[in-house]
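Single chain ahead, written as structure tokens, the form predicted alone.
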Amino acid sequence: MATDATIHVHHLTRVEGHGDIVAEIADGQLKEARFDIVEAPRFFEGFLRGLPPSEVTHIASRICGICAVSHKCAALKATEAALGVEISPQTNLLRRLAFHGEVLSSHLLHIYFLAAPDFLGLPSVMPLVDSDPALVRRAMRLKQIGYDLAAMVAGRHTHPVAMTIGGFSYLHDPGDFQPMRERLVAIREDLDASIELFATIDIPDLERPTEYVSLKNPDRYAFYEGDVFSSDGHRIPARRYREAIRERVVAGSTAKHARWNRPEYLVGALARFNNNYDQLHDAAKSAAERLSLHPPVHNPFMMTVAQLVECVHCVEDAIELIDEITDAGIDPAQQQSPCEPGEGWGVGAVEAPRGILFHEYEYNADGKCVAANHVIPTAQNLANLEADMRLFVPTIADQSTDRIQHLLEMLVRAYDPCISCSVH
């Protein structure tokens, strides 16, 4: 190990939000390795109190501009559980379809614009505009179709306006679905080229088995609904998440850390891949094979590759969902379930792109929110990230300080942190 090295990356680039990498080697010993969240907290749980359900679910999506569909769906599910609202099968299909749009747009933002420069030896994606414009256009096409798919279903992608308690605020046009289906079929070629690219990149070596936590659904690869599942063998209904997920305040961070059975756990694409591989679409399994991704995977740098596999799954499942929706037709009677404000408590859990997300609300007899709790994927990952850093630094300590710093930056970016979400 190097005798002395001090690393302090202030406001890491190519992540969403503000975080600092701190690592120190002194007298040949690792003294510390951590990721400090330094962004100001935003107190969403506080200012949702006193609001009616329609405003709670509308404002909650503003927690994140990237994962707004996830936050909206989690807030809707929690509120619907509190008010005893049962959504229709049609609404369920449409929400799952919107979810695929968000996962695609978020994953592809990370894969190409945030992580790929690390693997290609570039400071950002901008040099590729001149050196490989075809790659940049491919990345833009892939990202755009995710936005457009979510907007088609939810009114818009960023802070969706059309998803409401019990359904949707407008009747979907059946004529919109076939052109989107054709675009999804066509985008397979761009995904195939993406797989070819990532099959050639070198992934840093870091193996650390951990606890993997995700939703699990008996019928499908879980994004929108399921039980809370741990790879350590535990499974509970989402409404009981407080029995398992224990958050704690830590020094030097405005985001909490979390644990379940171990001091840390991992959520996100790699956790879903490890826990639910058998339910991936066959095309996604084929992509995983081409990318040498075989469960269980214990290298956190492979999270980006797992995201690409999920993109294939989302495209194929979205095509099948569109076929199911168009075959059945849009039924106006199923577009909105009745909802009456009142007293109640509920939990909503979904798989945001970065991992399992919980919203919890309590409403009083006047229909006003009296308590709110949000448990964010990035915050759940922070303890696991720091454990990876502590294992990783001694293995690379014989390299230059600049190289150690770069590899730590790559590790943090592999987690695709959404820091503004984590300080909700």
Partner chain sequence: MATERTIGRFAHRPQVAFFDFACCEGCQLSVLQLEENLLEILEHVDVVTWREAMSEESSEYDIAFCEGSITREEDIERIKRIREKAEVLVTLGSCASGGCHNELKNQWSMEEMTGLVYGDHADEIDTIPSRPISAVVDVDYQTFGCPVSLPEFVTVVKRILTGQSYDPPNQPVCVECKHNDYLCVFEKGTVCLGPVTRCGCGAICTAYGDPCRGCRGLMDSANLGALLKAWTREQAHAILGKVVERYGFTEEEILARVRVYNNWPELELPDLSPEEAGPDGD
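Positions refer to the first chain, counted from 1. Bear in mind the structure is a predicted one, so any value in this text is a computation, not a measurement.
If you look for the form predicted in complex with the partner chain, you will not find it shown, but the lines that follow are about it.
The chain is drawn here without the partner chain; in the predicted complex, the stretch among 311-319, 151-159, 261-269, 211-219 whose residues come within 4.5 Å of it by any heavy atom is 151-159. Taken together, the three residues Ile21, Gly28 and Leu120 all stay farther than 4.5 Å from the partner chain in the predicted complex, as judged by their closest heavy atom.
Taking the partner from elsewhere, Pro127 is found to have a heavy atom lying within 4.5 Å of the partner chain in the predicted complex. Looking at Leu391, you'd find every heavy atom of it more than 4.5 angstroms from the partner chain in the predicted complex. None of the heavy atoms of Gly367 is located within 4.5 Å of the partner chain in the predicted complex. Of the heavy atoms in Glu55, some are within 4.5 Å of the partner chain in the predicted complex. Looking at 80-109, the one residue that comes within 4.5 Å of the partner chain in the predicted complex, counting any heavy atom, is Leu109.
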